[in-house]
Each structure stands twice: as structure tokens, then as C-alpha cells.
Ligand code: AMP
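The chain that follows stands alone, in the form predicted alone, written as C-alpha cells.
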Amino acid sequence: MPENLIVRTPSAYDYPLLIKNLLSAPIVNNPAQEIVYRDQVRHTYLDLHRRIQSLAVALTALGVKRGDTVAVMDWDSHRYLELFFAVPMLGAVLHTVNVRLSPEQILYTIDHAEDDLILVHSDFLPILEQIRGRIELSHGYVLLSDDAVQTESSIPFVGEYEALLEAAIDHFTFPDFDENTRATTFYTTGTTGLPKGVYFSHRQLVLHTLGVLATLGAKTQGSFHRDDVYMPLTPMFHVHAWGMPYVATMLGVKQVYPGRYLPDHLLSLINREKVTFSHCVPTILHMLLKHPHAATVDLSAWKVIIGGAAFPRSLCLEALSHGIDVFSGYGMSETCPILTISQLTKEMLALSAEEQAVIRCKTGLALPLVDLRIVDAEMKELPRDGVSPGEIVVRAPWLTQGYLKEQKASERLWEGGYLHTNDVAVRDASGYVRITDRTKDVIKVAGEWVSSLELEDILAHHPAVAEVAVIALPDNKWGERPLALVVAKAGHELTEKELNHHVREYAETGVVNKQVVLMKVRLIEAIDKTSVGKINKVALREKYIK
């Protein structure tokens, strides 16, 4: 045996990286801190601890055991937070169902994940009633209801959530087990083919929590600390709400769960509960800033991570004008998800808003423990010169080890020993990454690459543009040319000539490939989105490329 291996004392405790251990500090250090759901529920962290134990007792009584899969269909709520802990802490797997998928896709994920129990909010009963005859469960259905009233339904519930917790004792001893035990699974919202299941272990979720916490606590700008008030604006079914509820709970901060994302309601919660930290996709931020009530709410203490899609500089500047501390984060469903965050140094904070926006909208710097590389087709790492584009490939201790029951797709994902993101990016000498496109979205004009994301950002700067998406239009002469699908702001009129002139001005400065002047424009009423609010370019191609 090698001499440098640690020799364990037989009585020593081998501390496993289990989700249950994220709860220790907040229960001891901040037991009276609040967890808020809408305007309906206020609990303390001691209540959270008690309810997690009662939930474990109730689930066990329903037959849930180690290795079972428990699915949840709910809005962002205190219940969801409790399930984030109780289910994995039993050694079971939590399946966070994407409630925005079609009923047939939801049925596929329930069947593929082999769910044993489904907890469902009354709002989603119509979905389940459509597919219930084709679902096989060993432990049945539990109703989630904001008013704790048994809803009329053809579904035979084994109980209502609050009633089950009320009937259960509030003491449960959670066992130790292998930290590599699967804790969660959910399904990627791909725009083609069937959804793919990704999965994460206790060890991965704990290390992701620590990595994010170390990053957000390392700088003054965009920091997340115990005096913050946290409210997610990314659905809890989507990559554990970017893992932030685990971070918030470990810190013991006040947490606010908003339920449905209604803009007036969200702004009211931000104002009333003094929310200081959130995360969302650009479309959510855009929706809030355009709401009439936004002008009446003080947003100057609000820090927001923007991810899930390219962050337009025009939107960043608008947020900065409200005093919001916005900055980009990057990751994927397959990466747990956070890989990079674009925080600013003290020196950068002295820059103008325009100069700051360029940095805030970058993909950012890699988190601790993330080995992120930008490589060519032969997996050779490219120089950090800010101009050499290649694919982002990564290694980190919290990446999914594959797709559930999809061996071939898993091997493609991990080809060469690195997880392939299919994102095209450049990296500068300071280490900041900037995604320029998806590999499948790059527009190849006369042999040269045109970034759809850069062109979208330029068009979004036009004062009359509300939303824009750029896709490749097949062309006999050029191979491809950009097609800009543009939604005008209310009360504004736009023309193709006006937008082409706007783009040409940028091309003449050299900040973007000159081939953008070949752009075609189509004015449309709305841009198709995926179930998590991203621009759905597959749907746009099907609709507008004939």
C-alpha cells in the first residue's frame, strides 16, 4: 500500500457529502430566519427542519424507500424546497417535472424516470387527467394545494400534502449512505427529439453548492451573503433553480418563493419582502422592466444573475439604469448548471455603464474546480486572444455522468473525456469567456462565420426593437445569409431598410463580421420560446425557412 494514503482510525467518522449536511449550519446559526411563499406562508428555518422530517415520515409511510423515484409538479414554493431536501435525504431520487412540456412529453418523462409517487399541484391536474390512464405508479398521487382543500378530480389521491405532514411526527433520523447515490433527475428541454434525462448525485450537488458559494462570496460586486433576501425567478424544475436554493439554505438567508411568475406579483414581492438576489433568463427580466409597476418599485438593491440565453447589452443597460446589479452566468442542464459567472473587479466598477455592460454580458470566468477549455475540431486548446472561436468543453466534479438510459448519446456528450457543450466561444487574456454562438446556430456566409448572437445584440440596440432572433437562411449564392426575425416595440414602426442601415453602421466600424450586411429582415408578432423561456430557433426555422 502506498505510504501516503490516509490511514483511518477505526472510530473516526468518514463525513459523506450528503445533501442533509447542507442543513446543519442554518438550523444552528439562523433558526428564526424566514422562508416565505407568496403572501400565504411564513416559516422559520426551524419550521423547515421540522417539516422536512415530517415529510420524510409521511413519504416513508406511503412506501417510499431508498432507490424509489418521487416526482413533483408544482410552482416555485416552500413545498418544493422541502422536497429538494427530504426526498434525496431518504436515499430516493427527486424527479422535478417540467410542467411546461406537452402532456405527451410529461408522460414520457414520468415513464422513462420510472416514477413511483407523484406530488401534483391542483393547477396541473388537467394535465395528469389527460394521461393518467397510461401512468403506472407503485405509491400513487399526493395533492399539493395552496388552500389545503381536496380538489375534485378523477385522480385517486393517497393524501393531501399539508394533511400528511400534520399527521406525521416531526422527527426522522436520516441515514448515511454513499455520497455518489443519485439524488435528482430531470429532463433537458431539447427542441428536437425526446427529452433526455440528466442526473446528479449528492456529492455533485454539495460540491456545486460550495463552488457557487465560493464564487459569489469572493467579490463585492454581485456577492451573495447572509444579509441578502433570495427569490428564484428560474423554475425550480429547471436544474434545481440553478442550484441556488441549496446555496441560499446553506447560508441561512431569507428566502421568498413566488409561485407563478406574474409580473405585478413578482414586483410586489420584491418591494414588500426587500428581495436583493435573484436569477432569471433575459425574457423574465425584460417582462419585469417593461411592466408599468416597474417604475414604482425601488430596484436599486437587487442583484440578478442572467443566464439561459445570451444577455443583450441593451437589456443590461436598461437594468443598470434602474440600479439593478445584473451580470451573466453560464451553464447547461448537463452541468448542474453553473460553470462561469461574469463578475466585475473593483477597477471595472469605475468604468462607464456602456463599458461595464460589455463585461457583464460576457459568459464570464470559470468557477473553482471547473476545467473549461475552448478547443478546435481536434480538441486542441485555442489561444486566449479574444478572437479565436472554438467549442467549450468542460470537466468539473458536478457534471452529469451521462443521459439516463441513453448510452450512445452519453458517449457523444463525453467524447474525448470532456463534456461537449456545443457552444462556440472565445476567451481573452484575462480568462473571460464570451459565447459567440451555438455550433448549430453559426451562420456560414461565403465560407465565413457570422455569429447570430452578435447580430441579435446589435439589432436589440435599435430603440424600436423589442425582441429579435437571427437564424440562417439558405442562399444559392452565399450558402447562407442571416435572417433577422424582429418584434417591434408597441407604437413603433420598423422597416428592413432602417434595420439594415443600423447593422451596416456596426459593420463599418469592424466590430462585427462585414457579412452581416447581407441580412434579410422579417417583422413578426412574437418569437417562439422553449418551455424555459429560451428562443426556440428550431421552431423558428420550421416556421420561417421554406
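The first residue of the sequence shown is number 1, and the count goes up from there. Bear in mind the structure is a predicted one, so any value in this text is a computation, not a measurement.
Heads up, the form predicted in complex with the named molecule isn't pictured, but that's what we're talking about next.
For the named molecule in the predicted complex, the listed stretch (409-417, 99-107, 300-308, 203-211) containing residues with heavy atoms inside 4.5 Å is 300-308. Taking a 4.5 Å heavy atom cutoff to the named molecule in the predicted complex, the contact residue among 314, 421, 185, 77 is 421. The listed set 276, 356, 343, 333 contains one residue whose heavy atoms approach the named molecule in the predicted complex to within 4.5 Å, identified as 333. Interface membership of residue 529, defined by any non-hydrogen atom within 4.5 Å of the named molecule in the predicted complex, is ruled out. In the predicted complex, at least one heavy atom of residue 435 sits within 4.5 Å of the named molecule. Although the partner is absent here, residue 196 lies well away from the named molecule in the predicted complex, with no heavy atom inside 4.5 Å.
Though the partner is left out of this view, residue 215 does not reach within 4.5 Å of the named molecule in the predicted complex, counting heavy atoms only.
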